[in-house]
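Consider the single chain below, provided in structure tokens and representing the form predicted on its own.
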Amino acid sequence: MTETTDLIPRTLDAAALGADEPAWLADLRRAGLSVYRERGLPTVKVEAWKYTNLSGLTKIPFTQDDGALGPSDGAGRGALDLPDVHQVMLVNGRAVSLPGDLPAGVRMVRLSHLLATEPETVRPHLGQIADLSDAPMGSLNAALMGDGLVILVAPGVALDKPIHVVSVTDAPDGARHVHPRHLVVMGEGADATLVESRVTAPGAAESLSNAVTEIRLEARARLRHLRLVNVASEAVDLDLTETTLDADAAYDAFTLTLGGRLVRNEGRVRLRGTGAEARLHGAYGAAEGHHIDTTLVVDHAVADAISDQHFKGVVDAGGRGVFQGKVIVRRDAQRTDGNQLHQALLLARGAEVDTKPELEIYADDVKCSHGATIGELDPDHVFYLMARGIPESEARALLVEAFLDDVVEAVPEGPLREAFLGAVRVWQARRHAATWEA
């Protein structure tokens, strides 16, 4: 083993891994262990990781979470404040509170409970990452996953209100690494809104959260998936979400990232049913010392499907943003409509953005586009506001807020959108140590 495999205990025996679990789950763990021990942490020589360097993780004395933590005071600080939701609290991937008022046809269960009592319920869906060898951190998660949340929505069921998952990473007594594994399965014609707040507990030490979420949308199902990533400056937060859509299913995702030493939001979407639609929108703000990576792959496997990606970023001095977006159109995916756009603002010297849009097209009857723009605030716009008596710092803050607010409109109107807009304003106020009229 090389030094890049330090997150895997050197004493871990592949033959014993998963010994008390069903054979299929033990095989999944061993496959993950094999891939990770062979490849180790991805380096910048790996194309998909060329802009995000994980080598610093080998210098932190991480220990694996022991599963003993419970909720801590203020554990949800920084999370969205949402009224009238089904709220769940996770600490290091383990549910410490579950709602008791779910409608008929909706189950929300700890992954560890299902694996212990009815593993066949999750077997068809767990471990369906298309290519484990192409997901180095996903392979690590497969080997070490401890717990997570499973959401099962029966065919035809529409949730009465959003599910809000507050996911807290806590490391009160030293650096820890955790590997949550989540699963969402929506039956034919089901409809739901899932909101996530990913935060760190106050006073937590350095931490690594390496989460994997698998989402399956059966025919005509619809999921609105909204996420706020607002972790501490000491936290490394890696997330891989793999979503599969059947015919006429719809996946509307929005991710707002406003903090973290290193955050990578990786999404892979497989459109394998005719008429499927995936809309992936988001925004990020990288302050000094923050590295925020958005990496997306949308795979059009069949004809007559739609995908749209639109992300905006704001980067301050000493911050770095990364956007990698890829659209694959297979040979049989005629009449595909796929669009991609990334726009970023550099607020000061020393800010950095890397962007790599890609189209890989094997069909001939398609409508696809991609674009990327990176620039500074328009000085004429700043001058316009200053000429009306607004101080320069507030003028710049208002323009940044307006820039981000535009893409936040992808969030459904009402309390959800207001909560996300409020998170942007809090981030802005923290940056400028100033307030202004909304």
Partner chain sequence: MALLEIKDLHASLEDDTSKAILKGINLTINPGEVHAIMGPNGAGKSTLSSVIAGRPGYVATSGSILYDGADLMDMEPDERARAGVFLAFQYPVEIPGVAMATFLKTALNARRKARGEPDIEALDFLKAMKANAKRLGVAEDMLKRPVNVGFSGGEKKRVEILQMAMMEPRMCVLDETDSGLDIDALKIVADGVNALRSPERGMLIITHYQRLLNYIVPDVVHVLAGGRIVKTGDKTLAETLEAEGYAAFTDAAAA
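Residue numbers count along the first chain shown, from 1. Model, not experiment: these values are computed from the prediction.
Separately, the form predicted together with its partner chain exists; it is not shown, and the next lines address it.
Exactly one listed residue, out of I374, I60, L385, A48, brings a non-hydrogen atom to within 4.5 Å of its partner chain in the predicted complex: L385. Among heavy atoms of A402, some come within 4.5 Å of its partner chain in the predicted complex. For the chain shown alone, G56 is not a contact residue for its partner chain in the predicted complex, no non-hydrogen atom being within 4.5 angstroms. Contact between E392 and its partner chain in the predicted complex is found at the 4.5 Å heavy atom cutoff. Proximity of L398 to its partner chain in the predicted complex falls within the 4.5 Å heavy atom cutoff. Remark: of stretches 40-48, 26-34, 365-373, 402-410, the one touching its partner chain in the predicted complex is 402-410 (heavy atom within 4.5 Å). Heavy atoms closer than or equal to 4.5 Å to its partner chain in the predicted complex belong, across 240-258, to no residue whatsoever.
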